[in-house]
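Before any questions on binding or motion, here is one chain by itself as structure tokens, the form predicted on its own.
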């Protein structure tokens, strides 16, 4: 029953969030701020994670290709496919769920327990729309760019790791990166990234918005938000893969 209650409450919450904003100019300025806060500030961690993921995929693939019949360009091919299809969308999404999700839940939760949200509602402002909609729009807009950056950095990380360790020849790696490229895989992963962006922002906002109590409850809400966002990302990943790659 608690599950159905939360689903119903979340549905009502989304109705409030996606209602017509009162001032479009204010919404646009808020979206720009959220793009900086949620997207630009996440570039560093995305680059670091993608660089090392690409390097590890390349090294593990190279060290496990013991069959001499397998061509060396498969190392670059495997790294590209892994980054495009899964790592740069799902794994980076899970990392952002921890970084961005906990930040959103604690921010909105703190506003709830300090009665700032109540003050907005007393002034006749739709607090859910005012606080949450800019975050959702900003994340859906900026996260695909983070995905593209992650793919590029991951492939470059594999290139650097392979060249420095001597596990793969540069020309073979580049040939593998170019071999059998399917553009639809980019579209598939961009769709996943947009869905994950919605989950990363909507779920933590929901938990923060309805938190009750004090600082301890805000911390618990942040933990719940990160855990449930991660579970929903993995569930959405399975469903979207079945639908889009069938």
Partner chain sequence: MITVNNVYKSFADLKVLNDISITFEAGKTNLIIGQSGSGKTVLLKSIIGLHEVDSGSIFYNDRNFTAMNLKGRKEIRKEMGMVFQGGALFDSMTVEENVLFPLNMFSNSSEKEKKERANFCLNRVNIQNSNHLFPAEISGGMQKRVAIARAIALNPKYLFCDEPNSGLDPVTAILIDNLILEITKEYNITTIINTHDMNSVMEIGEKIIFISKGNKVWEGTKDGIFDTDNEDLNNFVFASELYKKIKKIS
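Residue numbers count along the first chain shown, from 1. Because the structure is a prediction, the values reported are computed rather than measured.
Not pictured, yet referred to below: the form predicted in complex with its partner chain.
Trainee: Ok, 94, 125, 174, 74: which has a heavy atom sitting within 4.5 Å of its partner chain in the predicted complex?
Mentor: It is 125.
Trainee: Looking at 85, 153, 138, 111, which has any heavy atom no more than 4.5 Å from its partner chain in the predicted complex?
Mentor: Looking at 85, 153, 138, 111 one by one, just 111 meets the 4.5 Å heavy-atom criterion.
Trainee: Among 145-153, 97-105, 163-171, 113-121, which stretch sits within 4.5 Å of its partner chain in the predicted complex, heavy atoms only?
Mentor: Looking at the other structure, the answer is 113-121.
Trainee: Report yes if any heavy atom of residue 12 sits within 4.5 Å of a heavy atom of its partner chain in the predicted complex; otherwise report no.
Mentor: Residue 12: no, not in contact with its partner chain in the predicted complex.
Trainee: Spell out, yes or no, whether the shortest heavy atom distance between residue 178 and its partner chain in the predicted complex is within 4.5 Å.
Mentor: Answer no; every heavy atom of residue 178 is more than 4.5 Å from its partner chain in the predicted complex.
Trainee: Even though its partner chain is not shown here, does residue 64 get within 4.5 Å of it in the predicted complex, heavy atoms only?
Mentor: Looking in the predicted complex, residue contacts with its partner chain do not include residue 64, since no heavy atom lies within 4.5 Å.
Trainee: Please tell me whether any heavy atom belonging to residue 80 falls inside 4.5 Å of a heavy atom of its partner chain, as the geometry stands in the predicted complex.
Mentor: So residue 80 does not count as contacting its partner chain.
Trainee: Determine the residues of 11-27 with a heavy atom within 4.5 Å of its partner chain in the predicted complex and present them in sequence order; the list may be empty.
Mentor: If the 4.5 Å heavy-atom criterion is applied to its partner chain in the predicted complex, 11-27 yields 22, 23, 25, 26.
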